[in-house]
Every structure is written in structure tokens, then in C-alpha cells.
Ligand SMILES: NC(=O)c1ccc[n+]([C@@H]2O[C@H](COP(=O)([O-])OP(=O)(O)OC[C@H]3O[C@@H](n4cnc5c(N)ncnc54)[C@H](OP(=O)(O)O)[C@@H]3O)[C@@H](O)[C@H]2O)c1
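Only one chain is given next, in C-alpha cells, and it is the form predicted on its own.
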């Protein structure tokens, strides 16, 4: 694994759950300090415990990133605790779908845009100016193949993820000269149960484990990944 030099400060959103816990654990092993962002302080404490984080090297931040004020407060709390934010790992997601375009409820699309586009914009606007000022920063988010190749009855998700990707790849063009990168990892399905290895099949060959995602995130967050910017990186090489 690539070392995060000097104990980078990571703002990890969507920090609860299997993936968030594994990502927190991997960054913790690299000596990073983490602000874990979620909507439930108890679940954040559980994630930190499961990730074996040292109590002095992490902070819980309870925030709803759909609100710009909450995103700015989350960034402030991380900066107050650790002095800065070097890395933004954005794992907030969600799914609503199964509806044909002709029958699509606008509220469904609004909800998906809130989860994927607006949370991303809000937290990026909260942390990237500081990264630019310090001339170092890493922004990484997860996306899905549907942003490029939408499936039937999945328009809301595909539209929201495509919007998020365009936002981040545009950001990459704007801040690359300032030492800040922004990239997207594309994952077909997160294999939280290890199904790909236990019962291999053509269906799950392209699934990605939380460990594999975490390893990629740690590398993209490192100084060694400075030349990787504005990329859409698919983690499905076994398919």
C-alpha cells in the first residue's frame, strides 16, 4: 500500500457501512487522520471501532451533505480538529429506480440528484478552496457503469451519477495546475459478502470487493498519484 505522507487528513463521507469501514481502516493503517461524516453519531462510532481507529486520529462529523451549510460545517469541524483537509473520499450514494422514463416521478429524480450531485457539489465547494490554497488535494468519488451506459428503468440513477461524474471531471480541469486532483472510480457492484471468490461466475466476475476499492482510494489519495487527474477508472478488470 502507498503511504499517506505526513498523516494526511481525510474527510470520508458515507463513512458507515461495510465499504466506509474498510476505507477508514485502510487509511488509518497508513497513519491518516480521519473525519468520518454521516447522519448518525452512533453508527459513526461503530464504524470507527470496527475500523480499529485510534481515538486521537478520528472525529465524528454528523451532517446532511444535501445541505450546503452542513457541508461547510463538516469541513470546518474537520479543519478545527486536524488543521486542514487533504483528501475528500466521497462515498455518499443511494438508489431509487425501476421506473420507465415515460412514467418517471420528478421527485424520484430530485432525490437522486440530491444524493449524488448536490452532496458532491456541496462538499467539494467546502473543501477544495483550502486544497487549492495549500496546493495539495485529492478528491475521489464512486460511480457506476450506468452513468455511461444506462439501463432501462434506471434513468434517475444514471442521470444523477452522470451529473456527478461531469462535475468532478470538470473540477479536475480547473484545479489540476494547483496540485489538486479529482477522479472517479467506477464499480459495477460492491461485493460485500465475498461472493465473487466463494461462488465465481460470469455474473460476479466484474464485482469489486471493499478491500480492492479501499486500496485504489489509498493510492489515488497519495502524492504518488499526482499525474492521475480527471479520470474515470473502472475497477472491473476481472470481467
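Residue numbers count along the first chain shown, from 1. The model shown is predicted, which means the values in this text are computed figures rather than measured ones.
Not pictured, yet referred to below: the form predicted together with the named molecule.
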Could you check which residue among 187, 48, 214, 171 gets a heavy atom within 4.5 Å of the named molecule in the predicted complex?
187
Contact residue in the predicted complex, chosen from 92, 167, 159, 128 - any heavy atom within 4.5 Å of the named molecule
92
Is residue 39 close enough to the named molecule in the predicted complex to count, meaning some heavy atom within 4.5 Å?
yes
Does residue 53 make contact with the named molecule in the predicted complex, using a 4.5 Å heavy atom cut-off?
no
May I ask you to check whether residue 230 falls inside a 4.5 Å heavy atom distance of the named molecule in the predicted complex?
no
Touches the named molecule in the predicted complex: residue 15 (any heavy atom, 4.5 Å)
yes
Site check 71, 76 and 182: each within 4.5 Å of the named molecule in the predicted complex by heavy atom
no
Heavy atoms within 4.5 Å of the named molecule in the predicted complex: which stretch in 148-156, 102-110, 135-143, 76-84 meets that?
135-143
Given a 4.5 Å distance limit between heavy atoms, list every residue of 54-86 close to the named molecule in the predicted complex, or none if there are none.
63, 64, 65, 66
